[in-house]
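What follows is a single chain, given as structure tokens, in the form predicted alone.
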């Protein structure tokens, strides 16, 4: 069974027959015990430390359709090595581009994406509201903002509503999380433990969405809610909006409230708070478990994993741009 590998230590990645060989290297240049990764077991690589790699390895990874995601010292996502597209489809590319350029087609998709995200945020808050958390005000505020989505005429107006929904949503976190204060969302840099975990989780969600898009015929640079730009995969940002409440936020609540990640799993530098390697490893472990959890899909009438749910969202978008079905975003029903 394939699985993602996380490389937290600096080192060198090389190829030995059909195996990847990772050799950790410390600051003095001393090599540690090599780790061998059979290529058939590698789903993708997450690289957090400095990595020496040559073209032979990249060619090998490309042949095996393995993505590599890179993060800097401050745990910010910096880019990905994406193998050559193997599902190229000019028909889909043209249809996706037309769906973006024609406002009457773009706006319904953008509204649906944001509506799905808001619905999932509300579902998360109501879950804790039923457990005697005082969340009436943020729930009412988000419901009110959600009612305004049909009136938005441009993607900029939608993003304005999205910002207000997020603000109300994040204000509720201090009521849900037991021993830590969030005090609003801070990203670059994250100013406390909760923000550090959300930033880390959001990056994992973004890269998971990017990987699932890669395995479809969609172009990851053509988006509908977020504005396409230079050097970014904005469609992954669109999809991540829907899944962050489901996958990231609920995991953050669980890891902190169950004390699986604790105060000594964080490091402080100047005005920023980041996860230590121990915390990052622990988060990644539970993230992978969450990705492989299955739910009973109501329309497919079979069990699907969370990661496959993201793939299904890509398929729905593809059908929509090809005029083969109306796009309806994933919304939690439990």
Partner chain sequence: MYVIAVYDVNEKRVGKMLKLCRRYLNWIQNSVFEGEITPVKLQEMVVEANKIMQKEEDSLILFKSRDARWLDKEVIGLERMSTDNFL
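Positions refer to the first chain, counted from 1. Note that this is a predicted model, so its numbers are computed, not measured. C-alpha atoms forming the largest set that superposes within 1.5 Å between two forms make up the rigid core.
The same protein has a further form, the form predicted in complex with its partner chain, not shown here; the description that follows concerns it.
Asks: 1, 8 and 38 - do all three of these have some heavy atom no more than 4.5 Å from its partner chain in the model of the complex?
Replies: Result yes, every residue of the spot touches its partner chain.
Asks: Would residue 62 count as touching its partner chain in the model of the complex under a 4.5 Å heavy atom rule?
Replies: Residue-level check for residue 62: no, no contact with its partner chain.
Asks: Is there a heavy atom of residue 66 no more than 4.5 Å from a heavy atom of its partner chain in the model of the complex?
Replies: Taking the distances in the model of the complex, the answer for residue 66 is no, it never comes within 4.5 Å of its partner chain.
Asks: Contact with its partner chain in the model of the complex for residue 284, defined as at least one heavy atom pair within 4.5 Å: yes or no?
Replies: Residue 284: yes, in contact with its partner chain in the model of the complex.
Asks: So in the model of the complex, is its partner chain close enough to residue 14 to count as touching (4.5 Å, heavy atoms)?
Replies: Heavy-atom contact with its partner chain at 4.5 Å: absent for residue 14.
Asks: Determine, after fitting the two forms on their core, whether residue 25 shows a C-alpha shift of 2 Å or more between this form and the one not shown.
Replies: Yes; residue 25 is a residue whose C-alpha shifts (by 2 Å or more) between this form and the one not shown when the cores are overlaid.
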